[in-house]
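Next up: just one chain, as structure tokens, the form predicted alone.
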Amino acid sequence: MFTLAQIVADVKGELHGDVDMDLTIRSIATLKNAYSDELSFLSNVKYKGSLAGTQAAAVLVSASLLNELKAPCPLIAVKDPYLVYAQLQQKFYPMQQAQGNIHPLAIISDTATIADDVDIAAGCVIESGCVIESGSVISAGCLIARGVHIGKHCLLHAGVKVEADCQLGHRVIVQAGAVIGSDGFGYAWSGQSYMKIPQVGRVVIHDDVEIGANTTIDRGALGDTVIHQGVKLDNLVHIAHNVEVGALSAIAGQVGISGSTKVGQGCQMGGQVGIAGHLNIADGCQLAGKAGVISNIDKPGVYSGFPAMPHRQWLRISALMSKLPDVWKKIKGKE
């Protein structure tokens, strides 16, 4: 817990209203549910009506909106309330810190190299030749297969599988049940059956990546599947073999990216986007939910629909499609 004075100083905010600066703040809550010892925030102006009824000790608001807002409690003016909310949540709920605890029911190869302050929970299997660097936490039931390298201050939640020879950079978070380095979907058709092609590449995860629960990232067939720095993957995402995802991209749940596609930097994808194989997606593209990408996208912008096209074009086509039954009736009437 922290005093209001500490919080205002930490976020470099400007306090408006009378309040006890020594008041202890125990957490952050929504405007509707906050109590008198909690902080709240207003990041979306459409919720400003909720300010009137809040019981929060103080509310984070945008400095640009300050003169438009009325509230029964003090306001803390900041540049970006949502970003400050995220920063404070990290302060109230810091990530688990490794203590060097290794559970007796963990199975660790004699040839693995484990830093002294790594935590390894019950049921983990750490195979030969693995390296796990300082400050990392390996939760219950994880498999770290032979030759895997895990960087500093990583957090693997329960049941994560990292298959042979894959690499994780520093500060990587992998949520429960994710599989990194499963075989890619590689087969050759003989005319009578599918012949499996051994998948001998790796998955390389760069620093500050987060991978959602039950997400799967296939190893490369020959080269590597690569997830660059700062990428955020939601739950139930599938990344196929030899895909490359550019830095600082964010990909929502149930997206599927087919093999050998290259996604540029800073791309954003809504839920259930599907991307065909061997394509290039330009930097800075935004793909709306359920967009189907079947050809290269060469320019940044917002794309939607199937096949994916510039969003405004898709809106026009969607509007016309709703009128097709009436148009058809007119056409039939002229026959």
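Because the structure is predicted, anything quoted here is derived from the model rather than measured. Here, rigid core means the biggest group of C-alpha atoms that superpose within 1.5 Å across both forms. Throughout, we count residues from 1 along the sequence that is shown.
Beyond the structure shown, there is the form predicted together with a further copy of the same chain, which is absent from this document and is the topic of what follows.
When contacts are defined as a non-hydrogen atom within 4.5 Å, none of 6, 62 and 114 contacts a further copy of the same chain in the model of the complex. a further copy of the same chain is not drawn, but in the model of the complex it has a heavy atom within 4.5 Å of residue 177. Residue contact check for residue 292: one or more of its heavy atoms lie within 4.5 Å of a further copy of the same chain in the model of the complex. None of the heavy atoms of residue 299 is located within 4.5 Å of a further copy of the same chain in the model of the complex.
In the model of the complex, a further copy of the same chain lies within 4.5 Å of some heavy atom of residue 41. Exactly one listed residue, out of 71, 131, 125, 102, brings a non-hydrogen atom to within 4.5 Å of a further copy of the same chain in the model of the complex: 125. This chain is displayed alone, yet in the model of the complex one of 167, 254, 265, 261 has a heavy atom within 4.5 Å of a further copy of the same chain; that residue is 254. Contacts between stretch 157-189 and a further copy of the same chain, counted in the model of the complex as any heavy atom lying within 4.5 Å, involve 157, 158, 159, 161, 163, 173, 175, 176, 177, 179, 182, 183, 185, 187, 188, 189, listed in sequence order.
Taking the rigid core as fixed, one finds a CA shift for residue 326 of 2 Å or more between this form and the one not shown.
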